[in-house]
Structure formats: structure tokens, C-alpha cells
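Only one chain is included here, represented as C-alpha cells and corresponding to the form predicted on its own.
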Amino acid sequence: MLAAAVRDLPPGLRTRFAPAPTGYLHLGHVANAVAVWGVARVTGGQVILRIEDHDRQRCRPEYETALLDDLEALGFEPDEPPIGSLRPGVPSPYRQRDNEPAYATALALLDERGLVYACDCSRSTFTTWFARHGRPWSGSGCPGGCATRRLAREESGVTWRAALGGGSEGWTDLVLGLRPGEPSAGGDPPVRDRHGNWTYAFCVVVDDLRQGIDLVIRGEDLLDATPAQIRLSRLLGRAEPPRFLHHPLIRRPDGRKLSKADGATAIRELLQAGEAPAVLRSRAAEAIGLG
């Protein structure tokens, strides 16, 4: 599948492997790593390792240490940065919590255009709207009309959202082909949550832009996030979005994807039980059709 999908890619593209240290790596992460490193090596590209620890409540230093150990044990060495430079306690441009100024600068660019607003809608607000209308909220804005209410951003418990506008964004996925989608299908995306964390939707776009990522390889569970990321990257000044490749997920027998939250078996446990790194890489590749 991947060989055909990337056959015509130009050499020298930069892609990334970007785990979040909210738990231990499982086989699904290995499958993504196999795809990322495999495409990079076939096309003469580079792999950037990024620690996506924007969620300060859920991320833990011990999980970061473990994922770095597991990557080394499995033989996944990034082109940049050296894994040793990411050891806890050493600030790095490749770790999100160390790069607050980059996100603040990007927010200021959106703010200058009047695209950022405070929102006090909670999950229950969206749930209530669904109950009243028989369908989820869809389109720009939010159920509470917060874009026009001019709430103070300094208030505690408010989310900051980016007004991405209407219309659609289309791209040609390297595996799935032409894919159109609405950038605000579920409302304007949050850029900073009510706990003061920069969000995944915002950080990933800022990081891909500042790190020169021009090929994004990830699981198909993030397919629906792509239109918003393309629109947001354009609003931040990116002329051309990165190429995207969404691969299948490893799923449980009931169809659910593997998840840290659901207790998917950690790679470190499999390694400690005597599983060979090559066997784990092969098993992960076969599970998503790369074997």
C-alpha cells in the first residue's frame, strides 16, 4: 500500500513521529512509527521526533522517559533531534511544553485579524444543543454564540477558539485520494482549553509550520481533523499545506482502536516478556496492511 502511495513523492521531505507522553507506547504507536520511518527511508526523507505534551494535566515525565527508551529499544532513531537531547530536564524546541513563545506568537497573528474569541460553552452545552435539535452542532461558531458576546479572555474556565470561517478544504490523501471537508464541521476549534493548555489542533499546526514538516503520516482516526488544520495553517501564513497520508489503525476485535486509556498492552511489557523488536515491528506492520 505505502510503496504505491509514495512512489512519486519528491526526495527530502520532512515527516514526524509525535507521541504524547500520557501513557506507555502500544502496538498502534509502533505501527505508525513503522509507516513514518518506512516512508522516510524509501523516499530519502527525514523523521523529526516531537514530544506533544501540551496537556499538562495528563502528560508525565516518566511516560516521556519510557517512550524514548522504547523507541531506542525498537531501533527507531530520528534524524533530529538526538533522543538523548530529549531526556527530561533538558529544554528542547522539539518538546511542546518548552515552546510557549511559539504558540503565543501564532495566537497573536490570528488575534491581529480578529479571529480569536473566548467561549464558555462546555461539552454539556453541545450535548444540550444536540438534544434540542436532533443533530450535533455543525459549522462555524459555537452553540452559545460566543464569537459575538465578547467574553473576557482573562476569565477563568473559558476556552479560546479560532474562527476559521465557512466553506470547505480539499486535499488529496496519498492513500485515500481526494478528500473534501469542512474546517469547522464541529464548530470553531479550540486553540487554548479552559485549563490553560494549548490544544492539539493548534500546536500541531504551529509545530509543523515552524519545523518545516511537509509530509504528515498518521492514523485514519485523525482524518476529520485535516480540513481545520489546512485552514489554520493558511491563516498562519503557510502557502501550501503539507501532504497527508492516513493509514489504517490496529483495532480490537470489537472494532475499537487500541488506546492507552483502555489499557492497551504496553510495548515495554512485551519487550520485557521477551518479544524481539523485529517481531513487534513486523506484527505492527502486518496489522495495518504493511506486512
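Residue numbers here begin at 1 and follow the sequence given. Everything numeric here is computed off the predicted structure, so don't read it as measured data.
The following text describes the form predicted in complex with a small molecule, which does not appear among the structures shown.
Heavy atoms of Val204 reach within 4.5 Å of the small molecule in the model of the complex, making it an interface residue. By the criterion of a heavy atom within 4.5 Å, Arg192 is excluded from the residues contacting the small molecule in the model of the complex. The small molecule in the model of the complex is approached by Arg16, whose closest heavy atom lies within 4.5 angstroms of it.
Arg95 falls outside the set of residues with a heavy atom inside 4.5 Å of the small molecule in the model of the complex. Looking at 266-274, 5-13, 279-287, 18-26, the stretch with residues near the small molecule in the model of the complex, meaning non-hydrogen atoms within 4.5 angstroms, turns out to be 18-26. Checked against the small molecule in the model of the complex, the candidates Trp171, Trp137, Tyr200, Phe76 yield a single residue with a heavy atom inside 4.5 Å, and that residue is Tyr200.
The single contact residue among Ile250, Leu68, Val47, Leu222, judged by any heavy atom lying within 4.5 Å of the small molecule in the model of the complex, is Leu222.
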